[in-house]
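One chain follows as structure tokens, the form predicted alone.
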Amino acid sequence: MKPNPTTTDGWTADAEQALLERVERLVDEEIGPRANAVGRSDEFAWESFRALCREGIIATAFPVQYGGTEAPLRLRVRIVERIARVCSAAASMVTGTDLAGRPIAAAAPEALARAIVPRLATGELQSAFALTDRQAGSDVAGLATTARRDGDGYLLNGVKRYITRAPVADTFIVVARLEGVPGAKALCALLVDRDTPGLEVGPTQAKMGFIGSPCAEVFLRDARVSADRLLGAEGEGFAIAQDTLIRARIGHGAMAVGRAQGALEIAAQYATRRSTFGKRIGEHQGVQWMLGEMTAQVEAARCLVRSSADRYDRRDPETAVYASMAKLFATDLGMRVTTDCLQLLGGNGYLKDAPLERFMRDAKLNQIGEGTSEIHKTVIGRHVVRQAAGMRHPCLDLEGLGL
């Protein structure tokens, strides 16, 4: 009998494969067939969400002690990739648990976590991560939303923007700056219920893509939150946000890889059926070269995303910069691949009856969300410069160059 190895996180190879097979069936039988319809109306895709809950996919984000199955990130990126191959909205429901669920499980007081997290794992409750302000996005330390101490609680004031699932969320993780406390240590994270007086969710914001995953602004006007809703300690809001964003960035990379894979499959299948100048499109060498190059690049992006997830699981101290690399490379590539695959379909690619125009619109958000490509180039570049300052290449004679 072949051994069934168990990883340090408790997942066996058989268990991982069984879960991925359930995901494949779900994609083929439910999420994929309804994806075009989901993409026509920017309302939360409840049918897809309930299917993900039913099959235990949402629960993979949460600890076992709170009713989850706590899959490692290396497995979750494979799940996200498979779902994003057909539907960005459904894929974002999985990555959204990293943004809006895990911080509660990781940092909430025990009583609060036990009251809320099991209901998040089953899908009974929805949460949203309210980080971005009107004035600050990628610059987390520059957030303007404030938290003022008020007796045994806090008064929150500010406007949060682009908050995914805000129209349907039951509770919000609000990252705010403590009044009178300087620097990044001033940030705190609080769990604020939707019915809290002073919290108002604005109308759904019309957007270019990711239809089926609505977002809205969240207004906080002296919204009072008790101290037992604080996630972690005062001053830990920055650390909570950073860990959350690292997972989310790797998730964006996985979505981009999955969508690019789906676009390639669509373009290749089309090329075997559409004829021009007396031969199938796929028989033209130029088209074969396009498909071959894109396939190799997507596989490279897949390897980078999975490597970054592995680093996260083993708590590599350099995970953050590798998450930036994965997001930058995979999402920029995803935009190029969906654009070129649409081009291969010609006029048919431009029609809404074909999914590639939806794929192309969705691809743009992955280049923007959780830090733009330009932000991540800066993060990576700074890392390279810092590393180089403490290194000496054996082939480089600095003294001989007068340095």
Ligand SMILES: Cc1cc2nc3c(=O)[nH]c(=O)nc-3n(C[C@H](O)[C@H](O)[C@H](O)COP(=O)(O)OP(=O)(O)OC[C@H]3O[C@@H](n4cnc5c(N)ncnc54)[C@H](O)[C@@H]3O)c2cc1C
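Remember, predicted model here, so these are calculated numbers, not experimental data. We number the residues from 1 along the sequence you see.
We do not show the form predicted together with the ligand, though everything after this point is about it.
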If contact means a heavy atom within 4.5 Å, which one of 23 to 31, 364 to 372, 50 to 58, 66 to 74 is the stretch that engages the ligand in the predicted complex? 364 to 372
Contact residue in the predicted complex, chosen from Ala136, Ala239, Ala106, Val181 - any heavy atom within 4.5 Å of the ligand: Ala136
Students should find that, of Tyr312, Phe329, Tyr270, Tyr162, the residue having a non-hydrogen atom no more than 4.5 angstroms from the ligand in the predicted complex is Tyr162
Does Val305 reach the ligand in the predicted complex, with heavy atoms at most 4.5 Å apart? no
Does at least one non-hydrogen atom of Leu131 fall within 4.5 angstroms of the ligand in the predicted complex? yes
Going by a heavy atom distance of 4.5 Å, is Arg148 a contact of the ligand in the predicted complex? no
Looking in the predicted complex, any heavy atom of Lys207 within 4.5 Å of the ligand? yes
